[in-house]
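We begin with a single chain expressed as structure tokens, specifically the form predicted alone.
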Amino acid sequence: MALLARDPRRQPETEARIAALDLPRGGFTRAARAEALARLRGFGLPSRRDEYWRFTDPADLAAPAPAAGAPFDPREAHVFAGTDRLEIVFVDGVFDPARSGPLDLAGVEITRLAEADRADIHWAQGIYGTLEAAGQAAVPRPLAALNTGAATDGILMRVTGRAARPVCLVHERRAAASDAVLHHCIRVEPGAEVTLLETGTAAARLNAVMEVDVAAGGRFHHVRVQGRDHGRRAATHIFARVGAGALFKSFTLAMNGVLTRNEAVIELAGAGAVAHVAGAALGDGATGAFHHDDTVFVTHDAVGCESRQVFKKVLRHGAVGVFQGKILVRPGAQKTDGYQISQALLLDEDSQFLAKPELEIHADDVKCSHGSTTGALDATALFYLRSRGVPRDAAVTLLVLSFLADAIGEIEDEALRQAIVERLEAWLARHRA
């Protein structure tokens, strides 16, 4: 991959960011880390001058040190506490063995990056940094390159059968100015299946990358809840390659947070591959600044593949939502079925939703669509519910949940879907007008 020409205006800040890191030397990741830092130096850190950052200011994500803030204590069990799961806990980006279960699960091999990277050979060598590098071809993603070069830990998960239960990553924050850089590699072997859950804030500033390689006939389910910490600043990336007849599904629920940028870069690489990526975001500027950005790039590179992007945002009191989504259909990717929808529900006149949907099609036998809408609560529907004796707060909750239903419906497991709905209802109850 040819690097972009260096922008001399960005070099000092890029070098300052790299200098602030305690860079791991790496074992099997050594070459990938060096290549990633070369990419970063070639791109330079992101700025508002970049096309895909013009809606979101990356200054806090690119600064040498994170902004400090008091950690938020939710005083409640995390959303997946009632699910039978293998729990792996990170506190401020550091693995907590005392609170984590044994990394032993039928149908799954799990190791930690920090431990496995002491060796020169590992199965993840073919994944670490590989999907991230491929994902840079269309649009530079400097923060992902920074992650590959600097990640201190994460999980390496190889799924060889049907996982006996979900794997749950719990990310807790305790320090006021913690700066976590986590990198996860997941390989789903042919015909294997796993559900990965994530919850929590992780750090004052989080940079996370997940590389997921789903082989032919494999199935990968991902459900993520980004915690209610009002001071959260996070940049996350998912890079996925989906093989023939395989399934990739990812859903994210985000509530509050100063700045969140979630990126997904998905390649449908085998005939009949399916990829669904969805999200629901709820922001209330009355409890602190809220800026939430979903940026998605899906490439159809094989025959008969299906993709869905379903993103919904509920915003009030000056909250800002962003969606940037693209479907690229390469030559020869006939019988493509691509769908994209982004919608925002503004609960007042102070909030803002910015959307940039895109289609780029180089095949002639395809079915692709995209749409984006912004609106207020349906006054007629609200009047109807009130006229039937439904209290206003309950009526608003019903209408908001109805608005979010398409995104939540992308979660296949009914129990997980219900847990998400209950967390949504709790948030809405706390943020009534």
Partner chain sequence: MLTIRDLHVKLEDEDKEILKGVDLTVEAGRVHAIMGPNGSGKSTLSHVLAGREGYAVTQGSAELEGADLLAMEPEERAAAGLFLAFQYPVEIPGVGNMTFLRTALNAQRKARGEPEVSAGDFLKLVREKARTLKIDAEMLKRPINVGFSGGEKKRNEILQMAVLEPRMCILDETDSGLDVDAMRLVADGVNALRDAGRGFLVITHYQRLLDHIRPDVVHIMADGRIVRTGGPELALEVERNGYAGILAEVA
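Positions refer to the first chain, counted from 1. The structure presented is a predicted model; accordingly, all values stated were derived computationally and were not measured.
The following text describes the form predicted together with the partner chain, which does not appear among the structures shown.
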item: Partner-proximal stretch of 57 to 65, 362 to 370, 25 to 33, 384 to 392 relative to the partner chain in the predicted complex, 4.5 angstroms, heavy atom; value: 384 to 392
item: Residue contact check: Ala38 to the partner chain in the predicted complex, 4.5 Å heavy atom; value: no
item: 4.5 angstroms heavy atom contact with the partner chain in the predicted complex for Leu399; value: yes
